[in-house]
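Single chain ahead, by itself, as C-alpha cells, in the form predicted on its own.
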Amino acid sequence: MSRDKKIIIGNFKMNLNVHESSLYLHTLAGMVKPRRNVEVVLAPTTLAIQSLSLQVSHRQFKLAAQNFYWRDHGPYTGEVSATMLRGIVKYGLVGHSERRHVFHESDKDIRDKVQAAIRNGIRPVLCIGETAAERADGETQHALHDQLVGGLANVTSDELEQVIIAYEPVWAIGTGQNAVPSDVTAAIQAIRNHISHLYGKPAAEFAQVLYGGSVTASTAADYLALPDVDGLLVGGASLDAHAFTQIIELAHQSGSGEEEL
C-alpha cells in the first residue's frame, strides 16, 4: 500500500457485543463515504469479527483482529490463532500497550505474533511506545528502539512491507493527555531512523507509521498534517460513529486525491 493512502484504525477494545457491533457498523456505513486515499479499518472484539465479516462492505471497511495466539493450531484452550482469522481480517494488532502492560506479553510473544500474522497473510500493526516513567527519564528513543528491534527480530526485508508500525505513547492512551505534534514527529523520525539502520533508507521511507494515543476528532487534524504520520490508531473516539466519521473525513482531506471509490 502506498504511503499516499492514510490508514485509520478504530480499536473497539472490550466494548460493543455482537449485536451492538452490528448496529454500530450499520450506522457507520451510512455515514462514511468510501475514499481512494483512506483505508478504514475496524477492530471489533473477537466474538464479533465473524458476523461483521458477513455484514461489512469490504469496499468501505477492512477488519482487524485485536489479538491472536502465535501458534497456528494445537492444545491451547481459549486461544484464537491467526490461521483461524485468515481470510476474515486483513490486519492484526500486535504489541498494543494493554497487551504488554496488562497481560505482560514479552518481546518474544510479540515477535512470534508478528511472524504468525505475516505467514497467514495478515498485516501486523506493531504497536510501540514509551511509558510515562521512560519519558520522564529521557528513555523514549531507547524504548522505541528496543520494542522495534524486538518486534521485527525475525522479519525479512521483503516481509517488512507487510508491517505497519503504530507509535502509541503509553502515557497518552486513555488518559486524555495529548502528545504535542513536535513530540510525535520526533518519535516517528526516531522510528524511521531505527528502521533505516535495520533495513536501509528506502525501507524507512516506505514504511507506514501511524499515531495512536487519545486521538479525538478535535486533535486528529494536527496529527494527520504531520508528514511522517500515515494514519491513526483510534481508541475511544472510534466508538462514537459521528466522531469517527469526522476523523475519517479529516484523513481524506489531509491526503492526496479527491475521488470516491
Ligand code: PGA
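Start at 1 with the first residue shown and count on from there. None of these values were measured; they are calculated from a predicted model.
As for the form predicted together with 2-phosphoglycolic acid, it is not shown, yet the points below apply to it.
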- Query: So, in the predicted bound form, is S214 in contact with 2-phosphoglycolic acid at a 4.5 angstroms heavy atom limit?
  - Reply: yes
- Message: With the partner left out here, check for me: in the predicted bound form, does some heavy atom of V184 sit within 4.5 Å of 2-phosphoglycolic acid?
- Response: no
- So, in the predicted bound form, is G138 in contact with 2-phosphoglycolic acid at a 4.5 angstroms heavy atom limit? no
- According to a 4.5 angstroms non-hydrogen atom cut-off, is I188 in contact with 2-phosphoglycolic acid in the predicted bound form? no
- Item | One stretch from 72-80, 118-126, 90-98, 154-162 that, in the predicted bound form, holds residues within 4.5 Å of 2-phosphoglycolic acid by heavy atom | 90-98
- Listed residue that, although 2-phosphoglycolic acid is not shown, lies within 4.5 Å of it in the predicted bound form (heavy atoms), from L148, V114, A179, I173: I173
- Check each residue of 2-38 against 2-phosphoglycolic acid in the predicted bound form and list those with a heavy atom within 4.5 Å, in sequence order. N11, K13
